[in-house]
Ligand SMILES: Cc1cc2nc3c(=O)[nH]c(=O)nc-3n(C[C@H](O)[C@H](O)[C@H](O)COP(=O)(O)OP(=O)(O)OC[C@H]3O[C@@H](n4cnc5c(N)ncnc54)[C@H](O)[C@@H]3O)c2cc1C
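Next up: just one chain, as structure tokens, the form predicted alone.
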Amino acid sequence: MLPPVPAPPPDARSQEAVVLDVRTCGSDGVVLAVEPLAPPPPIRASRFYMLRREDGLSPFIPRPYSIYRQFGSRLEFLVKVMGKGSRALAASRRGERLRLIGPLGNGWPTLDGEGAPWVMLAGGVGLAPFPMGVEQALAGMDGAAPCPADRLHLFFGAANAGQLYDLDRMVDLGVEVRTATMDGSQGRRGTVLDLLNDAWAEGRLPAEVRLLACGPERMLEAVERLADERGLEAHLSLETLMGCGVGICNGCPVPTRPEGALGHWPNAKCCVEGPVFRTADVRLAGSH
């Protein structure tokens, strides 16, 4: 018997939120802070909301954004300004109201301090689900003991230094942070996988690590291949385009592995079965 059709999480809802603040972040981003009219409980890192303005300046279909930080009822979203929807959100002013649908999807696994270290691989705006993930790991979540800071490593890569968003704030979290840029303007010239390979070559990390990755599609495909080659546990938070965010439109398919936990269907829905997937369950590389 096939499992039931995936459905939106029970805590998701559509509501308005009041804009609290918009601050510039990096060379092409902003952090948008809002307060939903119904204050949300603590939310697991790497879950997301669908956002849009209600005054007609945003596209009719809202856009998905990972929760960047949560402070009580205050939610923050890291927005890379690149299209009509993100420009509209970045232009929001204090006191205006936005439409929020969420929280949606799943999130990172519980980051415990037992077993292999956790290595977080962030590519550009793919940093978004990690700050809260680090904070939750350090504090302990779902009954797990706090994860020691020396068991958490963030490797952060981008095209240039201006897209290493909130780097100082990440360093302030107290975990190891190493950076790479394609143009060499900050940290190592290269990619986050170069940083990981350097750490292995220098003996700073054991051969067995657990990977968490969020970033451009080609980066995630490379992480998937690496995990397959080395037999590593890896979780990918996908930056997939979505239409509805609640599993109705089937516009965000992710190819599954027949032998994996989601192999009963050829595709999984990123919005309700993701955005976080184990590499053991989906296949990105070679699926096009």
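Just count from 1 along the sequence shown to find any residue number. Bear in mind that the values here come from a model prediction, so they are computed numbers and not experimental data.
Here the subject shifts to the form predicted together with this ligand, a form of this protein not shown in this document.
Pick the stretch from 224-232, 34-42, 59-67, 257-265 whose residues have a heavy atom within 4.5 Å of this ligand in the model of the complex.
-> Every other range fails; the passing one is 59-67.
Contact residue in the model of the complex, from 72, 184, 83, 206 (heavy atom within 4.5 Å of this ligand) = Comparing distances to this ligand in the model of the complex, the residue within 4.5 Å is 83.
With heavy atoms only and a cut-off of 4.5 Å, decide whether residue 219 touches this ligand in the model of the complex.
-> No, residue 219 sits far enough from this ligand in the model of the complex that none of its heavy atoms falls within 4.5 Å.
Can residue 128 be called a contact residue for this ligand in the model of the complex at 4.5 Å between heavy atoms?
-> Result yes; residue 128 sits at the interface with this ligand in the model of the complex.
Does residue 79 reach this ligand in the model of the complex if we count a contact as any heavy atom within 4.5 Å?
-> Close contact exists here: in the model of the complex, residue 79 approaches this ligand to within 4.5 Å, heavy atoms only.
Residue by residue through 235-258, tell me which have a non-hydrogen atom within 4.5 angstroms of this ligand in the model of the complex.
-> 238, 239, 240, 241, 242, in sequence order.
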